[in-house]
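Before any questions on binding or motion, here is one chain by itself as structure tokens, the form predicted alone.
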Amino acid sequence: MRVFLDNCRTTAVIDEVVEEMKKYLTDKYSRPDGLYETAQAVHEDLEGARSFFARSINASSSNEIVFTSGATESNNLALLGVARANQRHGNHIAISALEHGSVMSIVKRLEKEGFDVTIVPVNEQGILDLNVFEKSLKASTILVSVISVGHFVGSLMPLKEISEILKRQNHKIYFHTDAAEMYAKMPLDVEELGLDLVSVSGHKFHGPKGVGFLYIRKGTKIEPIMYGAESFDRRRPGGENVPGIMGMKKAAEISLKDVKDNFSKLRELQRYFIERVESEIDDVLLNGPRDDKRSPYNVNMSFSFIEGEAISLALSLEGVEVATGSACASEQLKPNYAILAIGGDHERAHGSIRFTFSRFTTKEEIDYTVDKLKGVVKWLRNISPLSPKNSGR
């Protein structure tokens, strides 16, 4: 049996998505900028997709949707573009301590350009400390970026509360969120949440890799970060990935149709998984919040006395695929910065495993995973020099 529980990293592409993409690879392959009939038909479909994504997040106009290669490019355009376009108004940027690695890398680049960056801490549940956040804002603050869902520990960030704090300031502060783990998995309304910029990746909700979009609220001052000879959109030049966009649209249509039902189903599976692991395996610690403050798609646990890498490799031999360490650099044996950010030590960070579910995850897969996990943990602890019975503690 093969069980894939690394769905925060990527998800399986749905068959209907593949079939939709084939149309734009073999039949409707014209570029949408041509004046002839087939090109105009593709252009119409593309604009239909743009309107669909705008409606899906309650954006006011399809022109607020810019197609990209995924959330990493969207994050770059949002942060670099807004920071550079607004630096005459200020140079301060605030982000949360649980941002995706791409955002962390972007702000390091901005620091080299002279921007002042504050990394706001999170509490032991992985949720932004709102009091510290509000105190971190300055007269020079121009941009705030807070991830929608902590992709390591599953914490749901208080986006609406953050927006309300920003609205109380005496000057405009743009609000960006990386919603790769929220879009098409739970409701996302840019008006209700007061968001100015939202990054999305298609492969996180059973769409293709290499495609996503950035929502940019009308009136947002932003500079392009790429330049080209031709441009359908001055904010993002070059030809658009039409097959990818149409595949992403199909995946979103399918996922959004029963998003609430999937949310409830996975919440029950999540609780069941956590209950089984905590009752059947000793010395286990759940990283991040429980229940309504946590995404139902995520469970992150630390197993004392053993390394997460060893657990992951051993589970893989049993057909269970999970993540440990950095989601985008798991080959680096560094302590998980998210676990450190919520107050964990290096041992807790190194012993962490992230199990992430999809709409297709079943109870049978959960049971199989826990059964195999029990054996793996027992075996590794028997040979671990850190185990109390082996270390003489």
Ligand SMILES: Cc1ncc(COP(=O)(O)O)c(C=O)c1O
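The first residue of the sequence shown is number 1, and the count goes up from there. Remember, predicted model here, so these are calculated numbers, not experimental data.
Separately, the form predicted in complex with this ligand exists; it is not shown, and the next lines address it.
K.L.:
Considering non-hydrogen atoms and a 4.5 Å limit, does this ligand approach residue 196 in the model of the complex?
P.N.:
It does not: once this ligand is placed as it appears in the model of the complex, residue 196 has no heavy atom within 4.5 Å of it.
K.L.:
Within 4.5 Å, heavy atoms only: does residue 147 come near this ligand in the model of the complex?
P.N.:
So residue 147 counts as contacting this ligand.
K.L.:
Is the gap between residue 72 and this ligand in the model of the complex 4.5 Å or less for some heavy atom pair?
P.N.:
The answer is yes: residue 72 has a heavy atom within 4.5 Å of this ligand.
K.L.:
For residue 224, is any heavy atom within 4.5 Å of this ligand in the model of the complex, or not?
P.N.:
Although this ligand is absent here, residue 224 would stay clear of it in the model of the complex, with no heavy atoms inside 4.5 Å.
K.L.:
Please determine, with the chain shown alone, which of 269 to 277, 128 to 136, 175 to 183, 85 to 93 has non-hydrogen atoms within 4.5 Å of this ligand in the model of the complex.
P.N.:
It is the stretch 175 to 183.
K.L.:
Only one of 217, 235, 203, 250 has a non-hydrogen atom within 4.5 angstroms of this ligand in the model of the complex; which is it?
P.N.:
Contact with this ligand in the model of the complex is made by 203 alone.
K.L.:
At 4.5 Å by heavy atoms, is each residue in 8, 31 and 239 next to this ligand in the model of the complex?
P.N.:
Yes: each residue has a heavy atom within 4.5 Å of the partner.
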